[in-house]
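Okay, here we've got a single chain as structure tokens, the form predicted alone, with questions on binding and movement later.
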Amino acid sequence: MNQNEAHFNYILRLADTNLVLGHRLSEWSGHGPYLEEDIAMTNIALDMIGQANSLLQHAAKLEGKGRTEDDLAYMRNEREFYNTLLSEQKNIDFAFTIVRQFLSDAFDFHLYKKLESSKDETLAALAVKGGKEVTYHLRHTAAWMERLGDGTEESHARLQKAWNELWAYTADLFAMNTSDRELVKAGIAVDNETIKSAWLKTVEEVMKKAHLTMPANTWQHSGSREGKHTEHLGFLLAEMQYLHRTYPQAQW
């Protein structure tokens, strides 16, 4: 794999994660716990899908094969997606969604800060813009973590259960391959290990306020960097891509 191909795949990783997570959040539209939160979650979903759109446009230009952002979003299959395993997990309940989003937001918050210094000027500019949105997202989900964790007995139990299940997908957030490391040397990508301690500090601060404990099981899932996913992604893509694949020439 040459550097341009590695660069393309790295941008896809960022875009796919935002696209999939944005779609997951959009599933809450009309089903939020109350109107204000319904609107807030929908707006966060729109932010993430907007970030995905910009990143996919950048990826399409890097690839140089005439594909558009829509082609990349709707015409790739499951094994061609590189989103994190965490982002594709289903919405079991509101607590599950909040934990999934918080862990992702905390990662993106520190990642985007580093990406602002990327030698890829387009990526750096997108990181500056996206970082402003992620700052709000993290503030929002961290507040919900504290609210649920310090709320009723049931809300705390649901939050802890979600935490125990989703923690097993957090190592995959930091997954890198050989091509990624070459991009780090070129000043384009971020070495995920350099943000892990900052991410963990953010996570532990909120954990303490939410009265959560680390799960006893330390098993961690992996594979997304090689296009290996959980059973959930295939169903998500089938729903997300159905209309475009059915009417590929449709214009809106």
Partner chain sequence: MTQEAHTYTNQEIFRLLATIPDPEIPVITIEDLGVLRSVTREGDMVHVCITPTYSGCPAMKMIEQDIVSLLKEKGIEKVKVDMVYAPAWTTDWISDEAKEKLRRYGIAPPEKATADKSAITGKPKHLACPRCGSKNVEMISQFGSTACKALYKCLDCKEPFDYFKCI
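As the structure is a prediction and not an experimental result, all values here were calculated from the model. Positions refer to the first chain, counted from 1.
Although it is not shown, the form predicted in complex with the partner chain is what the next lines describe.
- With the partner chain omitted here, the record of contacts in the predicted bound form names 202 to 210 of 189 to 197, 22 to 30, 202 to 210, 219 to 227, defined by a heavy atom within 4.5 Å.
- Within this chain, F174 is remote from the site of the partner chain in the predicted bound form, having no heavy atom within 4.5 Å.
- Looking at M214, you'd find every heavy atom of it more than 4.5 angstroms from the partner chain in the predicted bound form.
- For the chain shown alone, T135 is a contact residue for the partner chain in the predicted bound form, at least one non-hydrogen atom being within 4.5 angstroms.
- Although the partner is absent here, A125 is a contact residue: one of its heavy atoms lies within 4.5 angstroms of the partner chain in the predicted bound form.
- This chain is displayed alone, yet in the predicted bound form one of K129, K90, R79, R181 has a heavy atom within 4.5 Å of the partner chain; that residue is K129.
- For the stretch 31 to 55, the set of residues having any non-hydrogen atom within 4.5 angstroms of the partner chain in the predicted bound form comprises E36, I39, A40, N43, I44, L46, D47, G50, Q51, S54, in sequence order.
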